[in-house]
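What follows is a single chain, given as C-alpha cells, in the form predicted alone.
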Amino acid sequence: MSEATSTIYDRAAGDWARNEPVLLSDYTARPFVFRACEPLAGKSVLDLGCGEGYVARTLAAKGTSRILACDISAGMVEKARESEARAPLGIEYMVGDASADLEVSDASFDLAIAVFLFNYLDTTQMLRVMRTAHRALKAGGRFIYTVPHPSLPFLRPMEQPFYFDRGSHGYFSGRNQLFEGRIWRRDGVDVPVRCVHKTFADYFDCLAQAGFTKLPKVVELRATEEHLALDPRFFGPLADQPLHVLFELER
C-alpha cells in the first residue's frame, strides 16, 4: 500500500521550506501563478493545499486583505506557522483535507488557488475541491490552479531535475493511477512529488461538473530561454519540454 501523502510531506517538510526560489517549479511555475493572481491589493484568498506557505507568503506581501490556507500535512502547516510567527503577515493556516468539506463561508473569497494540489488527488477528490472553490468564491471571483503537464510522465526520463515514474501505464490507461516522482532544488537536494495522472479532458470535465461555466485560460509552462540562460546545467535537460499547466477561470 502506498504511503499516505500527509506522512511523506510531514517527513520532508524541512526540505520544502524556503522564502526564495529554490525548487525547479519555483522558477518554472510559481512566478506565473503570482502574475496571474494580480491584482491582489485588498483581495481575500483561499489557498488550497498551501504546503509550507511559500505561495501564501508571496501573495500576502502584495497587499491581500486575508488569506486562509490549508494543507493535509501537519508538518507543512507547522513550518508555515513558524514562518508566520517569525514574520507575521496575517495568514491563517489550518490542517485540513481540501478534498473533504472544508469549513469556509460561501461567496467569501475573491481568489481561490490550488498550486500543485490536484496531482495528489484522483478525479473524484479533485471534483470535491473544485466544488469547494466554486462555493467559496464571490461572483466574479477567480480560480487559479497549476498541475504537472499531463504529457510529462510520458516524455521525461527518470532523471533530474523532474520526473514521474509512470511504470507500464499509458496516457489513457494511467488515468487515476499514482505515479511517484522527484523534483530537484537548485542546490542539488531532491524532494518527493506525486502525480495521480489525469488527462486534459478530466480537468475540463470536473470544472464543468463543479459549476464553472466560463472557459478557462490555459497556459502550458516550460523552462524559458531566461531559465536556460540563468542555469544551463540545471534547466538544460528540460529544454522544449512541457512541464506544468496553469488554469485560470472566473466564477
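Computed from a predicted structure; not experimentally measured. One-based numbering along the sequence shown.
The following text describes the form predicted together with a small molecule, which does not appear among the structures shown.
The small molecule in the predicted complex comes within 4.5 Å of no heavy atom belonging to residue 144. The closest non-hydrogen atom of residue 165 lies beyond 4.5 Å of the small molecule in the predicted complex. In the predicted complex, the small molecule stays beyond 4.5 Å of every heavy atom belonging to residue 130. Taking the partner from elsewhere, residue 223 is found to have every heavy atom lying beyond 4.5 Å of the small molecule in the predicted complex. With the partner left out here, the small molecule still marks one of 64 to 72, 35 to 43, 196 to 204, 210 to 218 in the predicted complex; by a 4.5 Å heavy atom cut-off that stretch is 64 to 72. Taking 137, 91, 98, 152 one by one, only a single residue has any non-hydrogen atom within 4.5 Å of the small molecule in the predicted complex, and it is 98. Each of 5, 16 and 51 comes within 4.5 Å of the small molecule in the predicted complex, counting any heavy atom.
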